[in-house]
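Just the one chain here, laid out as structure tokens, in the form predicted alone.
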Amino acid sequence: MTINRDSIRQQIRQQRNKLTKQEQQQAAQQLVQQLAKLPEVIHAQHIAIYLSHDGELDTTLFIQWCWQQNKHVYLPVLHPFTRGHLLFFQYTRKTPMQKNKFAIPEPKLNSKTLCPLSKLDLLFIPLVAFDSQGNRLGMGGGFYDRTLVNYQQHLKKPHLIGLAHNCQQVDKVPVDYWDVPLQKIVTPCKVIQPIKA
């Protein structure tokens, strides 16, 4: 039986969107507690993350925690010239923002705040669904997969960690050869270290 990516996306997004505002707020608080204990987070100085959208686990409290810990935070920006790729720009309380074509806020382009992938210690990646092997199912745009296509060739590689609600775990995510597996997935209740088959 073929596992249909689109049907998994639809099913999990529906479940995610059923979460109440109170459940989302509680999940965001629990996420900070989980992440603050992770060695990868404790030792990281340059952290790329995303602003939550479409019912994703809210990252706002964690971003504020990072600022309080004097960590540098970066957000993805749609690449202006290379279609389907991402760049990462520093994000502070004073960063000028604009909405991209998906209506997601992103920092305005500024060469002084651009951070190359090799300088990042940690890269938090959004996902729609995940499994215990660390495979993620994204929204289908392929932005992170394209951006990370040469990831293994970097001498210094950021840790790749997925963030998700507990309800986003599935038995098996269909995998393609270009998919980059995650090193960990963190939910409000647990940290999942992928089991490699």
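It should be emphasised that the depicted structure is a prediction, and the values quoted were computed from it without experimental measurement. One rule holds for the numbers: they count along the sequence shown, beginning at 1.
Only in words, not in the display: the form predicted in complex with a small molecule, which the text now covers.
K.L.:
Choose one stretch from 52-60, 163-171, 29-37, 142-150: the one whose residues place a heavy atom within 4.5 angstroms of the small molecule in the predicted bound form.
P.N.:
Flagged stretch: 142-150.
K.L.:
Name the residue from Val41, Leu137, Cys66, Ala48 that puts a heavy atom within 4.5 Å of the small molecule in the predicted bound form.
P.N.:
It is Leu137.
K.L.:
Though only this chain appears here, would Arg9 touch the small molecule in the predicted bound form if you measure heavy atom gaps against 4.5 Å?
P.N.:
Taking the distances in the predicted bound form, the answer for Arg9 is yes, it comes within 4.5 Å of the small molecule.
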